[in-house]
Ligand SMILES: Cc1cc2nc3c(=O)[nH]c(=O)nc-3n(C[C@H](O)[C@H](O)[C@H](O)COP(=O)(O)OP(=O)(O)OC[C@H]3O[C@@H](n4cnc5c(N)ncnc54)[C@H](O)[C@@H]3O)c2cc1C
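Taking the form predicted alone, here's one chain by itself in structure tokens.
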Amino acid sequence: MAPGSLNAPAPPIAGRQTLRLLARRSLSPEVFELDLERPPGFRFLPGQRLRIREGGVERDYTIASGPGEGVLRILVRRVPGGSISPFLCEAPPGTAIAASGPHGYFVFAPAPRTPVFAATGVGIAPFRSMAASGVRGFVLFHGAGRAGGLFYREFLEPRAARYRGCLSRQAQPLPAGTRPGRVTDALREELAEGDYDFYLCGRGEMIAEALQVIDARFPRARVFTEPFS
């Protein structure tokens, strides 16, 4: 397994902005989507992040919209007692939000290998942005507790060579295109032998287990990771 260069440290804070909240949509009881105004001339690469500041605390949120879209869209997981997500959950449209960016190096690197995207929960955001930028023919494994957590499925599935939702708490019968268990089960059991570029975004536990599977089954793979807690 060859480590990718996408895991270099993020650059210093750059491009401080005050962004206006345009809209908020609930995607599940725990997750909502925010549309923020996109300042003139703001450029980013799919997979990069916004750093939002509130009350002296900063948190990074990956941009889910594509570079050609007119808004900056992020996914936010509601964390009870969290330092920023309650503010983002309650702020009305028009609220000014302090942000900087773009930050990060988890960006798509075109190559002859098939790209394999693996995400848990809101870790799907960078892959939505990559697909919106024109990336096609990828294999995508998205892990969630139940089918309602397969955010952006309708957008991503038609653009993928293969899409699989991995549901750890869904009652039978499962929806079409899904399987029981975790993303790492799918990587272990469903992905054929071959040379791949793996892009992993989600909880650190998933990424650590996925790396073990990749080391065992795909020793020539390139792997790029974006963990979050």
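The first residue of the sequence shown is number 1, and the count goes up from there. Given the structure is predicted, the values throughout are model-derived calculations rather than measurements.
Not pictured, yet referred to below: the form predicted in complex with the ligand.
A.B. asks: Can Arg49 be called a contact residue for the ligand in the predicted bound form at 4.5 Å between heavy atoms?
C.D. replies: Residue-level check for Arg49: yes, a contact with the ligand.
A.B. asks: Against the ligand in the predicted bound form, would Val79 count as a contact residue? Criterion: heavy atoms within 4.5 Å.
C.D. replies: Close contact exists here: in the predicted bound form, Val79 approaches the ligand to within 4.5 Å, heavy atoms only.
A.B. asks: Just checking whether Tyr196 would be counted as a contact of the ligand in the predicted bound form - the rule being heavy atoms within 4.5 angstroms.
C.D. replies: Although the ligand is absent here, Tyr196 would stay clear of it in the predicted bound form, with no heavy atoms inside 4.5 Å.
A.B. asks: Is Arg59 one of the residues lying within 4.5 Å of the ligand in the predicted bound form, judged by heavy atom distances?
C.D. replies: Close contact exists here: in the predicted bound form, Arg59 approaches the ligand to within 4.5 Å, heavy atoms only.
A.B. asks: Within 4.5 Å of the ligand in the predicted bound form, counting heavy atoms only, one of 155 to 163, 127 to 135, 107 to 115, 71 to 79 shows up; tell me which.
C.D. replies: Careful reading of the contacts points to 71 to 79.
A.B. asks: Considering non-hydrogen atoms and a 4.5 Å limit, which listed residue (Ala99, Val122, Leu140, Ala144) is close to the ligand in the predicted bound form?
C.D. replies: Residue within 4.5 Å of the partner: Val122.
A.B. asks: Taking the ligand in the predicted bound form, which residues of 194 to 229 have any heavy atom within 4.5 Å of it?
C.D. replies: Going through 194 to 229 in order - heavy atoms within 4.5 Å of the ligand in the predicted bound form - the hits are Glu226, Pro227, Phe228.
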